[in-house]
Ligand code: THU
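One chain follows as structure tokens, the form predicted alone.
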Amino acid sequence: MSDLELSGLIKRAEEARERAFAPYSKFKVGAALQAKTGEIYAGCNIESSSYGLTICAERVALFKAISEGVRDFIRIVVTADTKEFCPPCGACRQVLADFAPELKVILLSSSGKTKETTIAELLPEAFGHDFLRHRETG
């Protein structure tokens, strides 16, 4: 990935973070998911007053892409206004692993530092569709 491509992906994630709807937690997160085609799908966290219905930025970006028929992804940038890197939560890790088990994950701190990892490193031995296809019956 070129520096220009990475900076574009980072910019989209930061723009998405600014659009987050987080009136309760005040914790805004943005994500930018890149498909194999090069298309970028941005998402932000959206909170609900019932809390449990809140959805994370990573799943918003993924679900936007899925709803457009896109199924192949190569990387995602995740950013929050925090000094530390903010990795995807467990639910997002699972859903990302379902659709993109080889996904590269780029975490962005508020100081502009990046850390690259993979969804497999973030969720080792993930439960996946293979378990559902190859289950043994008693």
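Just so it is clear, the model here is predicted, and its values are computed rather than measured. Just count from 1 along the sequence shown to find any residue number.
The protein also exists as the form predicted in complex with the named molecule; that form is not presented, and the subsequent description refers to it.
Shown alone here, T54 lies within 4.5 Å of the named molecule in the predicted complex, counting heavy atoms only.
Heavy atoms of E47 reach within 4.5 Å of the named molecule in the predicted complex, making it an interface residue. With a 4.5 Å cutoff on heavy atoms, C89 counts as touching the named molecule in the predicted complex. Using a 4.5 angstroms limit between non-hydrogen atoms, T117 is distant from the named molecule in the predicted complex. Only one of 33-41, 56-64, 69-77, 108-116 lies within 4.5 Å of the named molecule in the predicted complex by heavy atoms, and it is 56-64. Contact residues in stretch 19-33 (any heavy atom within 4.5 Å of the named molecule, taken in the predicted complex) are S25, F27, V29.
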